[in-house]
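To begin, one chain is listed below as structure tokens, in the form predicted on its own.
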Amino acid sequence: MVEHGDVRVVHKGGSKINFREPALSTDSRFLLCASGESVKVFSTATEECLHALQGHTDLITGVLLRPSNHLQAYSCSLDGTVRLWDFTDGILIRTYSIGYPIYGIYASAKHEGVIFIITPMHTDTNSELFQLVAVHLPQCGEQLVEAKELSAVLSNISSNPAASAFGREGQYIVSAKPLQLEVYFFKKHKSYSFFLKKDNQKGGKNTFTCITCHPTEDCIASGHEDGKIRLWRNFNHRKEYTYSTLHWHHSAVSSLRFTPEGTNLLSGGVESVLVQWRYNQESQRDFLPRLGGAITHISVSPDGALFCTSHSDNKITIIQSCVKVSAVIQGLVKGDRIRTDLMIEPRSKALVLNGKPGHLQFYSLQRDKLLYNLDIVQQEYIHESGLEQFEVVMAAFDASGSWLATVEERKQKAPELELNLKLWAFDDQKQSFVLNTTISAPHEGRITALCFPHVSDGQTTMLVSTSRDGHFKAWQLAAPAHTEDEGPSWSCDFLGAYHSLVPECCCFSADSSLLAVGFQEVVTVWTPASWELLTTLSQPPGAVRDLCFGRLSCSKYLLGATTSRLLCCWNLLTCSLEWVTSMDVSLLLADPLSENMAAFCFEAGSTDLFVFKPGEPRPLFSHKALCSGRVTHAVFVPREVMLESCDEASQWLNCSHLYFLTQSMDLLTFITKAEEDKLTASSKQLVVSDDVAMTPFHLLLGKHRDQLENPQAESRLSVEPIRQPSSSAGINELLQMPAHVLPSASFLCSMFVQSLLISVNKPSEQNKEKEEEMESEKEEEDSDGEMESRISRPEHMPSGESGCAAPALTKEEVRELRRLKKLDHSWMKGLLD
């Protein structure tokens, strides 16, 4: 058995971008947000991801602009480090090692060279108590610096960064506990605490949820669970404090933020409405409704031109100061609503799964960006608890990506279950799926499985569904029955059953000549051509919950996972049980491009992974304790370029990636050491030796600059064949770059046109050897300069005739003289002697 060795599990796209409050640059051009183990830098104008700042080895818990340099930013992580970045160029400047997990970071222009972080208290072994610590950053030129000068400011605080804030240009810091507000004054080195009762007289909950401070005045705004906002004043005296109350939100206030001038206060919550309050004129309010999911964070750019809100559906909305949405950055939507399997859309290679309520989301793993949402239910979703609405519970693509089948159901009691089976056809003009057929009540019970045959030539005409009503149905694509119909539609072609047992799963063979349907403890094998029952396969007690055919050379095998913690393998040629092993398989899937199969097994509260070939008893790869909980969603993603790994532990990754969702909704994948080294090497090439960024412009213009500085190198290269413009990586990447990061066209025009031209002075092929010969004899020609001068201008020429130069020798004559000079004349000396 091969252990994981050089294969590592990493977050590869789809990470949360709403985990922590994002940061807007001073000029409102860039947005920085924590995304798993990296910091993503987006353009606020185009929504494109410009950089992914990578270097942390654990979850990033905070991103903050550096107060003394508006082009740099800090990031903190649970790996115990704080990193300083130049986010415009995507370059790591310095790493500060703290040594403790960091849950939040703060900074103030008044405290130069000092940052404030939230770390666990050292005396608490369970890490349930946290403290605010001031870290004095050493000033040195080293890349990795250990920060040793730490001093505690506040103890026993919340680990949520939204519960602490700086006030009045860094004169004090405020921290909120469930029912206590603590204010620490740096100049006095004194703190004041203010308390609230658990419940007020009207039954509202006074628990603090978030706080923020006015930038220029002594005012603290706090949000509470009952939807109220309190404005605290006169808190520099313990007994003379006052507060006023604002109330619009019907549920807990999740985020508060003052604008840089302090003229407006922004608030948001579960209503998904951004509320803008006029400071000191709280009766005047502006609203921006229907922003999507619940608002979790609010940020404001230092110049006040843009606001941004983070939402529970992994989205960031960029809003202009006039309270108008200007851009939306959508991440991968994950949550408890994921009911479908992870699927790959064959055309775009996008990851497809549940998205917004009633939608399927198409997400690009290569670009780590949402492509679009497909509305399946086509009904307005009402955000109200307890209201039963249609949800997408199942989906499947055919092999060519021409058809999509979806199942939607309304959660009600079994006798009143509402089901819809929809077939969607891909429209080449719209480049999206269009509804073709809707089948109401396709089965009398809940649908348990859905699959297309593996036909890759675009001739898919069949779909099979199984249901708890004891039947499986084959749906056929048929021509229109009447001439007035617009096109072909789907209808039921066959109804199958076996001894009144309930089918739980089904699967087509690799060549689509066989269909296996699992009826509880019996596996039935059918031929779709005539719908004849070919054979039944028995197995040890336990219902079959997952079936999968082998691929390529292992296509004769059929594997099934049972509820009795067994994995069985049948040989279809002998119709007998080939082997069986004891493991609790929660998910079984096959790589479409190889014989490899993956089995996720649940054991002792965690999931193990085994990769194997059905015909070999020894697993190719195993990974113990892959993650906590069960893995029920995974998919093989074919690679665009196959790897050529010879390492036994990573050969199974040569054809496809393996992505899987954990119970905590983290999208993970496997990466080989060779891939990781390649990414590391490419990141180190961001800066060349002369500290100039390696950009597409440098690839195009830098070569021209080097040729101007070194003409000899240009002359040596002039005899080489000129590459065609289509093969230039610089030109290709330049044409693919977003327009907002390109210089003006007038700047690039002359250089770009010159790079496309072919020199007319290119030497012909027949003279190439002669030119190379002359170049190789250059040194000899220099050493014999006197001789050549004597030949070209004889010494016995009279001085009076100095004005009349002798005719110069041609190149052919000079070359012939040089050849004669090289001849060995020593034999003549022997004759003379």
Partner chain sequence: MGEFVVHRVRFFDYMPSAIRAMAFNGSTQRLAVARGDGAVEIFNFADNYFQEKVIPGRSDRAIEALCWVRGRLFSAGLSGEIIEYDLEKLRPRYSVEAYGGPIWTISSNSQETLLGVGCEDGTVKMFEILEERIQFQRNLDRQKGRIISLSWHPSGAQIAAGMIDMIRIFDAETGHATHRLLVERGVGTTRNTEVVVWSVAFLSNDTVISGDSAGKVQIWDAVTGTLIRNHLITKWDVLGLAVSQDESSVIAGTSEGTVVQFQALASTMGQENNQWVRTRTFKNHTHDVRALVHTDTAVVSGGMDTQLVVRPLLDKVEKNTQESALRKILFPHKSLVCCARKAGLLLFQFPDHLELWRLGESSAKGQAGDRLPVMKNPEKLIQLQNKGEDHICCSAVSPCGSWVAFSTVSSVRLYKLQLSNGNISIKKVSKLPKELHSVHQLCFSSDSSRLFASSAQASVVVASLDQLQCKHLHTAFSAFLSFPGSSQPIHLLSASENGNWLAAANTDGQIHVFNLHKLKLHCTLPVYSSCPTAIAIHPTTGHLLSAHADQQIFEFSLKLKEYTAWSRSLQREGLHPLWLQRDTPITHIAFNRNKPAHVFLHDAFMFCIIDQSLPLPQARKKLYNQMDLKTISPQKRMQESHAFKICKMFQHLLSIHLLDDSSLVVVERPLADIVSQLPPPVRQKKFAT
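Predicted, not measured: the structure shown is a model, and the values here were computed from it. Positions refer to the first chain, counted from 1.
Although not depicted, the form predicted together with the partner chain is the subject of the following passage.
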Is there any non-hydrogen atom of H250 lying within 4.5 Å of the partner chain in the model of the complex? yes
Decide whether F610 counts as a contact residue for the partner chain in the model of the complex under a heavy atom distance cut-off of 4.5 Å. no
If we define contact as a non-hydrogen atom of the residue within 4.5 angstroms of the partner, is D218 a contact of the partner chain in the model of the complex? yes
Determine whether any heavy atom of K324 comes within 4.5 Å of a heavy atom of the partner chain in the model of the complex, and answer yes or no. no
Partner-facing stretch of 540 to 548, 280 to 288, 519 to 527, 354 to 362, counted where any non-hydrogen atom is within 4.5 angstroms of the partner chain in the model of the complex: 280 to 288
Note which of K430, R618, K239, H189 lies within 4.5 Å of the partner chain in the model of the complex, where distance is taken over heavy atoms; exactly one does. K239
Scan F452, Y103, F235, F636 and let me know which has any heavy atom within 4.5 Å of the partner chain in the model of the complex. F235
